[in-house]
Structures are given as structure tokens and as C-alpha cells.
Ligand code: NAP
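First, one chain by itself: the form predicted on its own, in C-alpha cells.
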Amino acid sequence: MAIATINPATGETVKTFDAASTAEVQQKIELAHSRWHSYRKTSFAERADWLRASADLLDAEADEVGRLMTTEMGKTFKSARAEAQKCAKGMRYYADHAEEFLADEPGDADAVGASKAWMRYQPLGVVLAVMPWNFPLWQVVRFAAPALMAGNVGLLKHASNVPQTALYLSDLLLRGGFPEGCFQTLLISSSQVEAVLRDHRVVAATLTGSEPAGRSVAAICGDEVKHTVLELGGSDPFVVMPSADLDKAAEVAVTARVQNNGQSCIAAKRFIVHTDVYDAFAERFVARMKELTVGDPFDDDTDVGPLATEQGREDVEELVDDAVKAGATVLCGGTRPEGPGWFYPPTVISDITKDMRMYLEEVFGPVASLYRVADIDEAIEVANATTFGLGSNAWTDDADEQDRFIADLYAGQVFINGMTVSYPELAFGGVKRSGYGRELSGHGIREFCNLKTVWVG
């Protein structure tokens, strides 16, 4: 894929970029490596001041960067602006809490025959972040903020369709006061990533993206014995039981499915409904999906903008067409609109069976699949019948059912009577083919630290 800003609402190429040369990449890696040796000795207070200053700049420029994100990947302007504000909040969270999260942990000195013993968190060094286009600021900030506060430095290989957002972020942190070389954007192609990962000065990597991309990075880093954190795809279940508030569940279900134009790893994608309330929920859900406005993402009245890439829309269409040919029923949507841009309507499909690709594969667009189940056992069976295990939602006011879902839904997150959301305060990550490792909270900042044991006789 060319490194370019292509407006998905029109298909127009706005700006193109040349990939960095090998010499330019080497120069940036050397700058990061040399910078880390001094940066790791800075204090938490200094890092926090720089991160808070960056957050203040981001808040002030939320409209500007929001317009940039909307132009590059098509999310609605109102959601892009909110993403920028969320990033500023995340920065302040780590500025406030990093020192506490990385405080020395005392050991039992007497038990090990020492006068003193403790464990200390220390930064690893240069970390490569390979990031996706769907939340082009937030996905990066939730790595960059904790990594920088821990004393690491970062190199960013962003998705090729959001180059200006990538450059904005590295510039933002520099303007916020971080020393040159602490966080740099590499405008490189996917084929150039392996050389960066194998460079001895790059000690670890984090990737948010597709399963094939995750496998590639993990294989290379495994060969090099370098630490990785992977956040990959998801096909999150949204289970509705008879005791649920159906109006609220249907309202949240719409947001959970079409947020970010349906392009979110933790979007609810499979709606699994108890037979006693299936018809009532489906009626409410479909009616609300039909009410959504698809159009210009800069228009405040627009609910759903275009998909980010032409190939992304084709992938969604293939999955929908495959299901329809195998007997699925389209309750709304299901056909691309006429005109320019990569738009796809909010769609609900029922009668999904195991021989349809949609049963196991992730649909990365505003398409919801409906499943009717007889009881909680079948609901959990269908929810877990996927190779993914990122987020999950269960709607029930029955305490025993809540406990059962918490225990038996195989996922990194379980949200009861609410929509799966990534919060700075809560750990985030998945199981199965949704990846490994954790981002956010105290767990996220410790991922790229060496926990050093200290024993003093």
C-alpha cells in the first residue's frame, strides 16, 4: 500500500509520501538508541511535565487533528475530536500515576538471607510500535504515554493511510518538551519492518492490527528473542438475556456495532439473544439501525461515515454476500450505496449458520449478525465459538447469570450491562488469536520494563 492520505469519503488522493530510505531509518534508530541512554535517567517529574504539556497542546488542537483523522480514515469529525480528547486524558493519567505504578516492590529480605531485597522496574530501551488506522491517535497514545513515562523511547510505524496523523503525534510530543529522539515516526512500508525489528538497538515491539501482521511480528521477534505485545482482531459477542432492559440493550447495541463506522476490534459484532426476547430485541435493534444517517463524516448529523479503505469495503461485501448465498436473511442494509466514497450501510443479518464465513471471521464494518439461543449454556457456547477472545458484553440483571458470564466468557474483557470500552484505568488485551500482553492501567506500563531483583547482603 502506498503511503498516502486518501479521503475515503471521496476516493481522492490528498497527499503522498515517499518511504524513508534505509539510511534515513538507520539514522532515526541511532538517534533513538543514543537518546535512550540519557532519557532513561530523567525523573518521573520531568517526564510528567512533558506529557502534561503534550496533553494541553492536544486539547487545544483537538479540532485540527480531528479534521486530519476524519480526512485520512473517515471517522466522523465528532468522534475524531473525542478521540483526541481521550488521548489527552490518557496522557494525564500516566503523568499522574506512572511513578506509583513503577515503585519498587519490597521482597522478604529475612527469608532470602539479605539485609535488603526488592524488585525494581526499569525501562527496556527502544520499542517499535506498529499501529493501525482505525483509532490513529488513541492506539498509539495508549502505548506511547506509558512507555515514555517508564523511560523507554519509541519508534512508530503507523498504517500507510494515516501518515499525517503519525507525523502530527511525533511532532506533538516534541513540542510538548520531550527531547529529540524520544518518539519518532518512521514512514516505511510493511516490507521494511523486519529490518527494524532485527536491529539490535530495537529491543521490543508492540502491534495492534490484523492476525497475519501479528503473526509476522511475533515470529520475527521470537527468532530474535525480543518481547512483544499483540492486540489483534476481535469478534465480540453481545449476549442478551430475558432479564435485560431491552430498550437500553438495543440502544447500546447500535453504538457498540457502528462506533468508528463499525471498524473497531472491540465493537460488538455477534448479537446472541435468548429466544424468549429475541423477536423483541431484534425489532428494537433493527429499527434503530435503520434510523442511522450515513454520509459526510464532517456533517454533525452523520452517524456513520465511509469505511477507511476500498479494500475494507470489498472485504465486508464478500462476507455479507457469502452469508446471503448460504441462506442468511438481511433485515436491513446489505447493499453498498451509489456514488463516490467507500460507504457501507448499517446492516443486520440473521439466520447465521456454521457454514458461513461470518460465523468465524471478523466483519470489520457496520454489519451485525443475530443469533437465537435457547438458554445460557447455548449463549456461552456460541459466544466462545470463535478463534478470537478480545472483548465481550452480557446483558442480564440476574446475579447468577452475571457470575456465569464473568467466569465462562473466554475473553480479555467482560462488560456486564454496558459496552466494551478501553479505559486508561483498566487493563486491556485479549486471549486466543486476539493476542497477548496487556495495555493500559498499571499492567500496561510494566509490559516494557525489566523487573530487576535486587539482593543486598
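Since the structure is predicted, the reported quantities are computational estimates derived from the model, not experimental observations. Numbers follow the displayed sequence, beginning with 1.
Not on display, but discussed next: the form predicted in complex with the named molecule.
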Interface segment, criterion being heavy atoms within 4.5 Å of the named molecule in the predicted bound form, picked from 369 to 377, 130 to 138, 221 to 229, 80 to 88: 130 to 138
One residue of G176, G181, G233, P123 in contact with the named molecule, assessed in the predicted bound form (non-hydrogen atom, 4.5 angstroms): G233
Of Y39, F415, W50, F428, the one that lies within 4.5 Å of the named molecule in the predicted bound form (heavy atoms): F428
4.5 Å heavy atom contact with the named molecule in the predicted bound form for all of T22, V25 and L31: no
Exercise: T76 in contact with the named molecule in the predicted bound form, heavy atom 4.5 Å: no
Heavy atom of T255 within 4.5 Å of the named molecule in the predicted bound form: no
The named molecule contact at F364 in the predicted bound form, heavy atom, 4.5 Å: yes
4.5 angstroms heavy atom contact with the named molecule in the predicted bound form for V193: yes
Within 384 to 421, the residues that have a heavy atom no more than 4.5 Å from the named molecule in the predicted bound form: L390
